[in-house]
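Quick setup: one chain, the form predicted on its own, written in structure tokens, and binding and motion questions come after.
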């Protein structure tokens, strides 16, 4: 899905400002989809021009007017049409995985730290999502996605813990402090 479609999706949950849409991206998609203000605002402008959303301005004290976006009936139909299309194949972009392709060129301590940090990050993500799950107020789709994300990150952490020996044993030994 592109930013435009995801903006429509977020607006199906209720009206929102560009800032609130950015916050929703961070809350719901941050671990698998990035969106910047530089991509969100042009998408909202195009959606407004195309009649998929409406924009109203709300005055604020000592600040520029706040633009609030609301999905239209045609925007909702457009979003549902996009949902009905088969999703493209997932593409995993990971600097971590790319780095590990060359693990044998890394010093042992650096590699161990890298693996420890990734396990910690995965466990932290799982804890964060379990806390969000416990709060409730989730749609069935949101609950499913949270469970999916938890399962993925828990699996990644377990895989690293159980298989790190496969690469750590081949990492470069750290140079000695004597320089010999």
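Residue numbers count along the first chain shown, from 1. Because the structure is predicted, anything quoted here is derived from the model rather than measured.
Only in words, not in the display: the form predicted in complex with another copy of the chain, which the text now covers.
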Worksheet entry | Every residue of 12, 89 and 142 near another copy of the chain in the predicted bound form, heavy atom within 4.5 Å | yes
Item to complete: Indicate whether residue 21 is a 4.5 Å heavy atom neighbour of another copy of the chain in the predicted bound form.
Response: no
Worksheet item: According to a 4.5 angstroms non-hydrogen atom cut-off, is residue 152 in contact with another copy of the chain in the predicted bound form?
Response: yes
Practice prompt. Indicate whether residue 167 is a 4.5 Å heavy atom neighbour of another copy of the chain in the predicted bound form.
Written response: yes
Discussion item. Quick check on residue 34: any heavy atom within 4.5 Å of another copy of the chain in the predicted bound form?
Written reply: yes
Item to complete: Let me know which residues along 16-30 have a heavy atom within 4.5 Å of another copy of the chain in the predicted bound form, or say none if there are none.
Response: 28, 29
